[in-house]
Ligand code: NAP
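Listed next as structure tokens is one chain, alone, in the form predicted on its own.
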Amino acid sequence: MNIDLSGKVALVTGASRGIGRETGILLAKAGASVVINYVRNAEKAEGVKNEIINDGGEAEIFQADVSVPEDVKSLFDFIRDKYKRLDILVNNAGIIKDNLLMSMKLSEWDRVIDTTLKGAFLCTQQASEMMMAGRSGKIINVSSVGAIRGGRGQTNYASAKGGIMSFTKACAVELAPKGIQANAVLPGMIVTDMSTRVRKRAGDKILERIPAERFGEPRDIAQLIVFLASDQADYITGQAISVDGGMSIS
């Protein structure tokens, strides 16, 4: 399947590493101009940008905390000034602050909800306004199998990712008449920096629950995101698609 995103502009939040990094690279390979959002690690974000440019693609980086409305406004003002359009939004930014329910601090709850769910809301609101002008756009939200399969010590994370699923469905209903599709991708256990501690602590037990008998790679998720961002997915909206090697059904 040949996916051509030439002339499209994409924003990937939390794109300095992991799934976001791979998504930005593959979107650029397909021809899109990519805005790499990051919040702290400028060096890694620059590395992603340079990799894209060295491969013949186009990319920019922009520092913004997606949980802060002023930061999000600045990010989208930059996109408006630079490109005058936005065709693809990938809400990938997210964090983990695992703790048992009875030990969880309010700050741990708030930070995860704010970055993952509030961040997706703020970015989608801005993106939708830009996309409506052209009556076309793709919004892909990165949720998690944790949204449908609870994990010990992850009440905040599961709530945020479950909220992303419901948010996606509601957005899809509102935005479909405007020519905009919204879908969610639910990664399983993916080999990223974020999952390192969990894999070290319980990797063998988790692997036993995965029918595919391996952990996923960022590319496994990014490839689906690129497809959902393409014109070939124009009739797919409001869906939550698991990419987990069968983990969620085992």
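Residues carry their position along the shown sequence, with the first being 1. The model shown is predicted, which means the values in this text are computed figures rather than measured ones.
There is another form of this protein, the form predicted in complex with this ligand, and it is not shown here; the text below is about that form.
Asks: From the candidate stretches 25-33, 50-58, 206-214, 65-73, select the single one in contact with this ligand in the predicted bound form, where contact means a heavy atom within 4.5 Å.
Replies: Result for this chain: 65-73.
Asks: Whether 14, 115 and 142 jointly form a contact site for this ligand in the predicted bound form is the question; each needs a heavy atom within 4.5 Å.
Replies: Result yes, every residue of the spot touches this ligand.
Asks: Is residue 79 close to this ligand in the predicted bound form, meaning a heavy atom pair under 4.5 Å apart or at it?
Replies: Residue 79 lies outside the contact set for this ligand.
Asks: Although this ligand is absent from this view, report whether residue 222 comes within 4.5 Å of it in the predicted bound form, heavy atoms only.
Replies: Residue 222: no contact with this ligand in the predicted bound form.
Asks: Given that the partner is absent here, does residue 111 sit within 4.5 Å of this ligand in the predicted bound form, heavy atoms only?
Replies: Yes, residue 111 sits close enough to this ligand in the predicted bound form that at least one of its heavy atoms falls within 4.5 Å.
Asks: Although this ligand is absent from this view, report whether residue 171 comes within 4.5 Å of it in the predicted bound form, heavy atoms only.
Replies: No, residue 171 is distant from the partner.
Asks: Go through 170-191 residue by residue and record those having a heavy atom within 4.5 Å of this ligand in the predicted bound form; state none if no residue qualifies.
Replies: Going through 170-191 in order - heavy atoms within 4.5 Å of this ligand in the predicted bound form - the hits are 187, 188, 189, 190.
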